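Here's a solo chain for you in structure tokens, the form predicted on its own.
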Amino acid sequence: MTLKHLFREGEKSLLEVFEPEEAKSSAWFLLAGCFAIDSKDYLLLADQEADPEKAAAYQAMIRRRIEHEPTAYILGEWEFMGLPFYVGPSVLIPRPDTETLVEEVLRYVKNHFQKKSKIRILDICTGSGCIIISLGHYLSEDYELDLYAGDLSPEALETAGRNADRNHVDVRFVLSDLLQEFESDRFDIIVCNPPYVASKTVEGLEPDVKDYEPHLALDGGRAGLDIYQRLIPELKEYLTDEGRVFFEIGDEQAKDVRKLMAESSVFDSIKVVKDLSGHNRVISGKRKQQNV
């Protein structure tokens, strides 16, 4: 069987379960991962006979995808901000929406810190580590970074540690329930992509998400605001005088999270940023100055 035939058969099988765009995308990513090829390689090799063992492995991947197992988990890795990350059932799959959060922090650093400045950054609910590692990768050449990340899941931290090693970024990972283990630390920037899906909504998510991705990293409580409500009042003690926090949010949560930040008397200069689809995706705020 040629590589082209194998690809077409994979896509055809997936069309029985998924919409055409998803079927083609999944079939391609699994083929590329299984055969370690890119689109240019495919053009050269499409009409050649596929290695039988790899062909069998690809067909097994297609069967797993038909059961709604996410493509990223089947491959064991996924790309985020142009970097490779190991992923598995203990961590959420990095999503393009979250790149908006990283890009906003990068923009802020470049506009507010002189080159070679020392910057301490904390990533809460780090999961795969994709946020803090991406920040480290893209900022380390111009700034002196002190990077920390925390998560409640030991398995997530193990994956994050592997990802830091893979991308050659130095991060101190801490097993912590939010800020609990960072009592004496202050940071210039705190980032957080918390679980923010309302509990009742989780069960209605697509099987790819609901049945495979960790609910600990998805379920944000009754209104999806539990972590924001816990964190926001505490952040004052963990930010430097000019420190700023950046949260990822769901599109409909901007008003509620802005209200929580404003009413906490901890933040001003509160800003909401939309993602490339025009949805509210990031909210940030600067620590209020102390009255002397």
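Treat the numbers as computed from the prediction; the structure is a model and nothing was measured. Note that residue numbering follows the sequence shown and begins at 1.
In what follows, reference is made to the form predicted together with a small molecule, a form of this protein that is not presented.
Out of the listed residues 171, 157, 197, 145, 197 is the one that sits within 4.5 Å of the small molecule in the predicted complex by at least one heavy atom. When the small molecule is considered in the predicted complex, only one residue from 179, 218, 152, 75 comes within 4.5 Å through any heavy atom, namely 218. Only one segment in the set 179 to 187, 129 to 137, 113 to 121, 91 to 99 has any non-hydrogen atom within 4.5 angstroms of the small molecule in the predicted complex, and it is 91 to 99.
Using a 4.5 angstroms limit between non-hydrogen atoms, residue 193 touches the small molecule in the predicted complex.
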